[in-house]
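Next up is one chain by itself, shown in structure tokens, the form predicted on its own.
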């Protein structure tokens, strides 16, 4: 007898995000599909403007007023794109949470940390205030804040960037959500604090079995964190693979270029570092066919037609006309 497959926590199919602007329609995402399992870490990677943040905001229902999303995003039996604002409000903070890039802009400067954290539990878990403060203090301890009781009396401006980010992570995990979306959570922090925050997220994933969607432009941080990788370029999926396969043998020219652009510790004086030539296309003027073809060293005549996602040799998916990526 074969074991039943674990049902997906999140299934996204044909997700499109558009914005109406004074200069015309901007397509931020074009037909993106993927799934996530409970406790999985999915890294969403790509250069600036690839659509990573808009993917997260669409799932959270936080797109700008001139933006719209279509497709389906099934999460615990609810389509996040059409379930309605009341249902989405109940899911946000309780079953799904998001860590934003800048913790200082996330925290309320007029409330101390204890008040901000306790309000999350009081609203989403209907927890009495005294109990909420106790749970909040314990969560600050879990994210390795040395004196949580003192920290709860402080205001955001009294804390370092690393402390603020730990607090934002703690707030996101207070209700033990099934899904945590982390949008460039360590960009503004120094390297040692970045490493500490990354270890912290993995530790909390193991402890609470929280699935994490890690959005980053830095493929260098992905290897030790993610289970699978979704590579976006100009709003489209280029490759979708297990992280070990993407590093060992990327099958899309863009994925290979990203991997080769990561600095290696064993390289001498930058040897082996290969920046990607050119720039991503203007999102208001995405070229027809493969959007990467103007920067791709292997582009040929077929690339003027849009490549469809197809099975890759490593078991994932790839959108490329090349049957095999040349060495």
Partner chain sequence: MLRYALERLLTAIPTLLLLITLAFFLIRLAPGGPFDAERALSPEIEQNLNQLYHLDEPLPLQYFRYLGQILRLDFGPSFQYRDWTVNQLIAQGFPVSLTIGGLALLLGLLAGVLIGMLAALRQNHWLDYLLMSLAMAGLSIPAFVLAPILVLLFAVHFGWLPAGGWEWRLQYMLLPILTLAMPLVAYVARLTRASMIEVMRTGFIRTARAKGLPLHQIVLRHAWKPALLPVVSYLGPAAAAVITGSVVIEKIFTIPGLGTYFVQGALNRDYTLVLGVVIFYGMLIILFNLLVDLLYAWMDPQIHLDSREGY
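Just so we're clear, the structure is a prediction, and the values are computed from it rather than from any experiment. Positions refer to the first chain, counted from 1.
Omitted here: the form predicted together with the partner chain. The next part is about that form.
- Residues with any non-hydrogen atom within 4.5 angstroms of the partner chain in the predicted bound form fall in just one of 207-215, 117-125, 133-141, 76-84: 117-125.
- The candidate site formed by 61, 105 and 155 is fully in contact with the partner chain in the predicted bound form, as each residue has a non-hydrogen atom within 4.5 angstroms of it.
- Interface residue remark: residue 176 is not counted as part of the site for the partner chain in the predicted bound form, having no heavy atom within 4.5 Å.
- The closest heavy atom approach of residue 92 to the partner chain in the predicted bound form falls within 4.5 Å.
- Under a 4.5 angstroms non-hydrogen atom cutoff, the partner chain in the predicted bound form has residue 171 among its neighbouring residues.
- In the predicted bound form, at least one heavy atom of residue 57 sits within 4.5 Å of a heavy atom of the partner chain.
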